[in-house]
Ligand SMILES: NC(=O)c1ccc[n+]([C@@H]2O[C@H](COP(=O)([O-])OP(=O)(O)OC[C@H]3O[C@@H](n4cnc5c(N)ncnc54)[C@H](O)[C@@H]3O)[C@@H](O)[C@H]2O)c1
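Just one chain follows, in the form predicted alone, and it is written as structure tokens.
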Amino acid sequence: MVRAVILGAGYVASHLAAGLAKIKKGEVEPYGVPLARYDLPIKIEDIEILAAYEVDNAKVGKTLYDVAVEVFKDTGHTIPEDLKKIPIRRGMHLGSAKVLPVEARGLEDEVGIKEAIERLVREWCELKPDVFVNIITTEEARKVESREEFIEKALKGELSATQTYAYAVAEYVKRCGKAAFVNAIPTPVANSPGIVEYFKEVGAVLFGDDGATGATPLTADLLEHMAERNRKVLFIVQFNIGGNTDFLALTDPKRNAMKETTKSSMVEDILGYDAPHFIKPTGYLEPLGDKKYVAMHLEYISFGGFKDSIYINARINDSPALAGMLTDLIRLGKIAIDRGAAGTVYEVNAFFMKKPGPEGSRNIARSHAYLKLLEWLGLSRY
């Protein structure tokens, strides 16, 4: 059994909980879960979601089922009754939802930051979660250089919501048991030396940063294809436009810059040179909803100096894509805990994350990262 807490109760949380419930009932196959074909010690059916945390006043006090009613509207998909058992509690805000059209309030607004952290730790000590999944809205944040900075700024309320949640998880581990923190947004956590150091110190596991679901891993594998065949990439353009709340948040230039950093970090790592590139989310269009539009154009020089081009257009259901990856990351978090791991795990991050920690790690083709992940798990590829 692996017990999970979700930080953020929106599209992804709804799809994750609903998908898990349907898999357990045999209503859908586990497509989109990368390691579903392998016999891992933690099964998909072993995942239990205990609670979700939110700052949107319209959601706090309800259940994930109530949120899913809006998320699944007009999709033709049913909502499992199991989601009525997942309460939505108040989490920490720290400005994370300030660009969204919602009335938001965090625990720290009610009781101060130190008491907010303390209250969360007490709640978690009662719930006994193994894995925390961070899927709040993309926020602006800087990396944390030292453990001392991490502790000091967390207790002063000077870190982002994600980083403060990470601190609270570390405190939970110190008092009540082992746990893993999965950071699926661009905030530097696994790429913050100070946070990784503190997680090692307390014996907690950290995966991050920024879940790689659709265009990014495809781009990475295309770049690897070019590198392996010694084709000179002249430029690459990759952008996506969506209509969910995360794309709305990305209309803020500082938050968009956070996403651009994680999405474009692969180019020089894989090619060995920094080819001209434009790789970032570029806009919000509400009618697109959660099914984002993705476009890609790559031009390269082949044998004899001839130029070729690759064009890709796609529509991708954004939240289900990430939810499938999170299903594995929850299981891998518990496996890492049971193995006695502490700090971050590159073999996991390299496959699942846009900007794999720890800081300075190479961003590699996901086809290569997949083999590294299987090796870490002690598995052979099918």
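Numbers for residues come from their place in the sequence shown, where the first is 1. Just so it is clear, the structure is predicted and the values come from calculations on it, not from any experiment.
The same protein also has a form predicted together with this ligand, omitted here; what follows describes it.
- Every member of the trio 97, 185 and 213 reaches this ligand in the predicted complex with some non-hydrogen atom inside 4.5 Å.
- Comparing 312-320, 28-36, 327-335, 43-51 against this ligand in the predicted complex, the single stretch with non-hydrogen atoms within 4.5 angstroms of it is 312-320.
- Interface membership of residue 144, defined by any non-hydrogen atom within 4.5 Å of this ligand in the predicted complex, is ruled out.
- Although the partner is absent here, residue 199 sits far enough away that none of its heavy atoms falls within 4.5 Å of this ligand in the predicted complex.
- In the predicted complex, this ligand sits within 4.5 Å of a heavy atom of residue 246.
- At a distance threshold of 4.5 angstroms between non-hydrogen atoms, residue 355 is out of contact with this ligand in the predicted complex.
- Among the residues 178, 291, 225, 93, the one placing a heavy atom within 4.5 Å of this ligand in the predicted complex is 93.
- Using a 4.5 Å cut-off on any heavy atom, the residues of 149-166 that reach this ligand in the predicted complex are, in sequence order, 161, 165.
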